[in-house]
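First, one chain by itself in structure tokens, the form predicted alone.
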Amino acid sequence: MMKLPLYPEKDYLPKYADLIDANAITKMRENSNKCFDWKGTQPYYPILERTEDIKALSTDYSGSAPVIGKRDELADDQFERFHQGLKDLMPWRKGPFNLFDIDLDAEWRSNLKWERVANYLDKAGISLENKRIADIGCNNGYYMFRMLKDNPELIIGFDPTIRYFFQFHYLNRLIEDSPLHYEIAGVEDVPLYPNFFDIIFCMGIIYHNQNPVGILKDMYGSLQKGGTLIIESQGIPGDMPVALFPNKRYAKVPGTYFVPTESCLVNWLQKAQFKDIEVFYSHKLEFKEQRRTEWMDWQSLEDFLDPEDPNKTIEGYPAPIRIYVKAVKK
């Protein structure tokens, strides 16, 4: 088995050891690393081994699809091996990416979500430059790559899904001296970073947790005073401060617990002691944003909604909206 470099050579732990619980984070990593011995993890190693000679000479993070490498930087056999590796790591949920001129059109057009967030941050005068940032539920790191153009001090992604780690690592190792860090961890591990982050992004996560107010309190504790939380959640329409608690699945997705209205999400944030709470965007989720592609050829949104009434899920619940909120730790 190849020796996988789990963390960049310039690990952030030594630099910030006095500000975070470095010993506990090291133990967290040791526990998380057990997943690399799982039987289901073994197929990923040959994908990395076949492409470990490939590096990108050029990058551009300013557009909707982060650009890593150009076609003419690779020999034909390198390009074919890299392209095949992308296919072997399917499905790709978040994107798009442009990788050695390969257009990776993922299931989610995550650029649309990021543009809504980035436009709001710009109007609100919230800069990412020189900030310590967490991306909770970072998936393959799409938003982390987008953040790089703003020169943050530190970006840490948290996600316990091993496939997403390998997708992230497959891309991140193309970049010389990448500043991105990925912890195979969940939101429950954020308290190991007390009063540390300037900005936390938590997008598409909270409705998968059994204790939404509890995890909001954890994120509150991990923010510096004056720090900002940007939360984006699946939700349901309505004016009442209530949340749908689906029986088994919501839009065919298991592990969905509380799907809030806008006012319910605001109330959760208030219960967690956040201030200056602002819903800055909400919209009905449409097929143009989440759909099946050649890079994610499994079921997607069109399969999750009632074919006779797209205002309902396949189970008969209200179809999802997406809610974007800013909140501040005072």
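Residue indices: 1-based, along the sequence shown. Being a predicted model, the structure only gives us computed values, none of them experimental.
A second form of this protein, the form predicted together with a small molecule, is not displayed here; the remarks below concern that form.
Proximity to the small molecule in the predicted complex, defined as a heavy atom within 4.5 Å, holds among 104, 251, 205, 133 only for 205.
Site annotation in the predicted complex: the residue of 173, 113, 181, 146 reaching within 4.5 Å of the small molecule with a heavy atom is 113. Put simply, residue 219 is far from the small molecule in the predicted complex: not one heavy atom of it is within 4.5 Å. Within 4.5 Å of any heavy atom of the small molecule in the predicted complex lies no heavy atom of residue 229. In the predicted complex, the small molecule lies within 4.5 Å of some heavy atom of residue 139.
The closest non-hydrogen atom of residue 166 lies beyond 4.5 Å of the small molecule in the predicted complex. For the small molecule in the predicted complex, the listed stretch (67-75, 119-127, 181-189, 254-262) containing residues with heavy atoms inside 4.5 Å is 181-189.
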